[in-house]
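Only one chain is shown below, in structure tokens, and it's the form predicted on its own.
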Amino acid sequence: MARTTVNEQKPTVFIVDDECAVRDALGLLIESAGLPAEGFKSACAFLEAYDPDRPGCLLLDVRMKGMSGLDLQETLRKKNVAIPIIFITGHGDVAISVRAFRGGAVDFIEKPFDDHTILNRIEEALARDAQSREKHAAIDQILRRYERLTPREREVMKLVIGSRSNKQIAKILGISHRTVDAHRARVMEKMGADSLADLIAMALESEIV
């Protein structure tokens, strides 16, 4: 299967905390590690400015005025925005940390935090984001290729994936063996599949079948 090119933009660490001193300190730390950082004083400010196409991760304070960090996490989930989140808090609470992790948080770090630890967690979060974006880009490419198939080619593809022989497919669809061969060849070409195993992997990954 051909490798899919994803967004080459450098990832950004987004910091959402209502304490200016914390935002500034985190921003300086992250930039010292060679990464862009952007700070926001509230969850609402972040939501207004954030573009989901931008790669990165989110450093998010749990307790803030207005929308809390957990509320922002839930809002992003409802919008199908899968940016990795690292929660930071000055008030450790088991119930809150459990809710954060159930919502998919990468980590839950208490203030004051160790610089080395938080940079390691950021590195993990950015790696997770890159993997997720690459996977979604690959799926989008598969679906675009699938859309180019004719209705008959889609029928043939699904039967091929279902381990039907060309002879069986010809009988099921009421067409000649030669016609099945032609359709199958076009399916492989249009989908960019090098083998039957490759075609099956594409179909499973994109949930076509």
Partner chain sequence: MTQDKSKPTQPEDLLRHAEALLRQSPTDLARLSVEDVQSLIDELRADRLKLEQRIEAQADELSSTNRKLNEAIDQIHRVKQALSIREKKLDAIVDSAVDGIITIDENGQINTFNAASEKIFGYSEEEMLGRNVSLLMPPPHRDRHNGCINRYLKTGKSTIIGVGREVEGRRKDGSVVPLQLSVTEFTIGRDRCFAGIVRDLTEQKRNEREKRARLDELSHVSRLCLVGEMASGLAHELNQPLTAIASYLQACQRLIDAGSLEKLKPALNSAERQALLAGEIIRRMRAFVSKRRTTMAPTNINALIQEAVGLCEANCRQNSVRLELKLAEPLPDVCVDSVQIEQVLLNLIRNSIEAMAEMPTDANRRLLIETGSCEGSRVQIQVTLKDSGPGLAGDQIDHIFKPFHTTKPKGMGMGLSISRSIIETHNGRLWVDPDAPDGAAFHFTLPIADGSDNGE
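Numbering follows the first chain given and starts at 1. Given the structure is predicted, the values throughout are model-derived calculations rather than measurements.
In what follows, reference is made to the form predicted in complex with the partner chain, a form of this protein that is not presented.
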In the predicted complex, Leu143 touching the partner chain (heavy atom, 4.5 Å): no
The partner chain contact at Lys167 in the predicted complex, heavy atom, 4.5 Å: no
Val160 within 4.5 Å of the partner chain in the predicted complex, heavy atoms: no
Heavy atom of Val22 within 4.5 Å of the partner chain in the predicted complex: yes
Sole residue of Arg152, Arg54, Lys41, Arg63 within 4.5 Å of the partner chain in the predicted complex, by heavy atom: Arg63
Residue among His136, Lys79, Arg102, His116 with a heavy atom within 4.5 Å of the partner chain in the predicted complex: His116
Full three-residue contact with the partner chain in the predicted complex, heavy atom 4.5 Å, for Leu199, Met202 and Ser206: no
In the predicted complex, segment of 30 to 38, 178 to 186, 44 to 52, 144 to 152 with a heavy atom within 4.5 Å of the partner chain: 30 to 38
Contacts with the partner chain in the predicted complex - residues in 159 to 193 whose heavy atoms fall within 4.5 Å: none
